[in-house]
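Quick setup: one chain, the form predicted on its own, written in structure tokens, and binding and motion questions come after.
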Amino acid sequence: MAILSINNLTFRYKNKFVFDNFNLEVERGSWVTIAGPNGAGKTTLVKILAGLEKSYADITIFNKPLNKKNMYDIRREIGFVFDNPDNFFACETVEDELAFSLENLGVFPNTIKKKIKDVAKILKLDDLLKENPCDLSGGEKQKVALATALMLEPRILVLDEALLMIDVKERDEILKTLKEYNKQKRVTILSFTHNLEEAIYSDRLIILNKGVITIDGAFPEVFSEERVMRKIGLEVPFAIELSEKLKVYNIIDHMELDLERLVSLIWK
């Protein structure tokens, strides 16, 4: 069942089409990554879903038309995490930032405290709760922004280059955590990125270029089209590239997405 449906999306920017009759359906509980180079239309699509840009389209979320009447109810159940969290911080400490949205909704203080403790533990923010979010590093700020979204327990989590400034090792840990979150709570994740390594835990990978879906399929299948991805300027992850070469020489018999597992297979 589709939790989000976009039909015939048309959007222009300065007399230039960004989207022209664009269509997309996202199933409930799935993790869909939309990847593409700069100018592909990723951020524009996020802004349209957030109601920050108007468009001519039939967009349905939670079986409700995305319009002015339903916008508030829909936004309450979607967590948006943007690439630059500085624009959204409103409080003087990380702890207050996490509590802010729930306080506005009238949630009991004890419930808020427990949620802060749980989310801080998941994202390893315990030592930062008393810090001013504006004084943190870029990666720490993005973790706080993600934590703020998770505090609301959204039905859909939208990530717009939301892990860009987090170092590789910690980013992978966060992706694994989000995958567990996705499975256990059936939270739909819609991730927009130019970094294909962030798509490793996706159920579905969509390659977007100039407002058009170029490739759409299960994660391993999409990478069989690596030439297409290179042509539009996307960098194929090293593990995928190496897997393909090793398959040619019959060293392995399948595509391996995880570099550590790939090394283990080679040394067997």
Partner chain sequence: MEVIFKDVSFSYNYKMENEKVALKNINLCFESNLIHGIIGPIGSGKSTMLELMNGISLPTKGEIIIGKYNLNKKNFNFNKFRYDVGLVYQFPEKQFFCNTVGEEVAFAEKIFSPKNKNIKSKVIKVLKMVGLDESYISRSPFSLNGGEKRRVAIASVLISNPKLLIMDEPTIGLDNNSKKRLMRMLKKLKTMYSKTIIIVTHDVDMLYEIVDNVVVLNKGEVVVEGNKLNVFANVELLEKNKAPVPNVVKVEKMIYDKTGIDLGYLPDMNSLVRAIKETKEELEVVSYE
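None of the values given here were measured: they were computed from a predicted structure. Positions refer to the first chain, counted from 1.
Heads up, the form predicted together with the partner chain isn't pictured, but that's what we're talking about next.
Here the marked residues D58, F62 and E153 all miss the partner chain in the model of the complex; none has a heavy atom within 4.5 angstroms. Contact annotation for L259: at least one heavy atom lies within 4.5 Å of the partner chain in the model of the complex. In the model of the complex, H194 approaches the partner chain with a heavy atom inside 4.5 Å. Using a 4.5 Å cutoff between non-hydrogen atoms, K169 counts as a contact of the partner chain in the model of the complex. At least one heavy atom of K245 is located within 4.5 Å of the partner chain in the model of the complex. Checking L164, V158, I116, L175 against the partner chain in the model of the complex, a heavy atom within 4.5 Å turns up for just one residue: L164. Residue heavy atoms within 4.5 Å of the partner chain in the model of the complex occur in exactly one stretch of 175-183, 145-153, 80-88, 103-111, and that stretch is 80-88. Along 233-255, a non-hydrogen atom within 4.5 Å of the partner chain in the model of the complex is carried by G233, L234, E235, F238, E241, L242, K245, L246, Y249, I251, in order along the sequence.
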